[in-house]
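In structure tokens, the next block holds one chain alone, the form predicted alone.
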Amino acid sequence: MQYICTRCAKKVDADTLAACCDCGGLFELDFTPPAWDPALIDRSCWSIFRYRRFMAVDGNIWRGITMGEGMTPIIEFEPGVLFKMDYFMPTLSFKDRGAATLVSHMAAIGVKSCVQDSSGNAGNAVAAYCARAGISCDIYVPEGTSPKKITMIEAHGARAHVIEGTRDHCADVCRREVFEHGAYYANHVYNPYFYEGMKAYIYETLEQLGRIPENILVPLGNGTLFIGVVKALEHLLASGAIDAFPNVIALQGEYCDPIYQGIRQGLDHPAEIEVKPTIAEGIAIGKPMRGRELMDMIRRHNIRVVTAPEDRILDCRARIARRGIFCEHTTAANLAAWEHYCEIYGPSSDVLITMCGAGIKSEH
């Protein structure tokens, strides 16, 4: 398996310990999955790895890493609105999908220790799966991260470093450790193996519903789920498994919206913005590192980007809870954004919304 640099197109063996290309460009996997065929699903496997024929996976080492992540149920929240309960995972967030494939790759190439930066969920997921693999890790989180997420990170045996300042500054501090001291960067943005696990979100939906909903609403911070969703939908479309690309809607927080502003301004990259304090901490990314890639996907598929009004998030969270679902603030922003989308573009239905994080670990 090889990586391809998204900037200079240089190919590098995927067993490299480097975080990115020598030119500074981020890696993509040189991998084309076989055409979608339900017969290739391993139905004896109850995890994302049932779709491993369509994902870049290193041998069978995943068998000692997986914790049954994925296969999350889809329920009806209200007529025409489907929730995929993606916090039904070992660490209570959707990031377990990508952590399982990334840490499996790390184990396969002999990584013994790593660093990672996160607003909490990805760090917790990487810490948990590294514990399974016997890999030591340090997780950097910004100040203001939910204490319960930090407690979970440390419970897995990882070292949590709380960094003053914004989420983007936290990433800069962590990356200095990577580039100055050669630490392996187990990052959900940089490492393309993470996206391989995220693709299963769409594969599961097709298997569970027998179709892809007309509307797919996806949160967009660094874009881990978004990239996985788009890659999987492109795969299904190229395979003839679906007739058309669905209406994908990307959402950002009202107080942190560089992609939304970039589209509005006609840019080919995220706009420079001032990040304001927001309760949607999971998508508060002012400088997404794959910003140009995200913008290209948005334009290629005519994807609409909307914002979640900050003053509606808590109300949506309360309404969701009164239907029996206790989710994170960032997760509630998904519903706020969907309702805002319907106000802008007119009433719609048949939408799939991710419940990407459990509320129990996001209380401050």
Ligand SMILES: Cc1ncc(COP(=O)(O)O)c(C=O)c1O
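If you're wondering where the values come from, they're calculated on a predicted model, not measured in any experiment. In this text, residue numbers run from 1 along the sequence as written.
One more form of this protein exists, namely the form predicted together with the ligand; it is left out here, but the text below deals with it.
Next on the checklist: in the model of the complex, does Leu217 come within 4.5 Å of the ligand, counting heavy atoms only?
Outcome noted: Because no heavy atom of Leu217 falls inside 4.5 Å of the ligand in the model of the complex, the answer is no.
Next on the checklist: Although the partner isn't part of this model, could you tell me whether Gly228 comes within 4.5 Å of the ligand in the model of the complex, counting any heavy atom of the residue?
Outcome noted: Contact with the ligand, no.
Next on the checklist: I'd like to check something about Ile283: if you look in the model of the complex, is any of its heavy atoms closer than or equal to 4.5 Å to a heavy atom of the ligand?
Outcome noted: Ile283: contacts the ligand in the model of the complex.
Checklist entry - Might Gly223 be said to contact the ligand in the model of the complex, defining contact as any heavy atom within 4.5 Å? => result Gly223 belongs to the contact set for the ligand.
Item to check | Option from 168-176, 68-76, 230-238, 90-98 whose residues, in the model of the complex, bring a heavy atom within 4.5 Å of the ligand | outcome: Of the options given, it is 90-98.
Item to check | Position in contact with the ligand when the complex is considered in the model of the complex, options Ser119, Asn187, Ser104, Thr205, heavy atoms within 4.5 Å | outcome: It is Ser119.
Checklist entry - Within 309-333, which residues have a heavy atom closer than or equal to 4.5 Å from the ligand in the model of the complex? => result Going through 309-333 in order - heavy atoms within 4.5 Å of the ligand in the model of the complex - the hits are Glu328, Thr330, Thr331.
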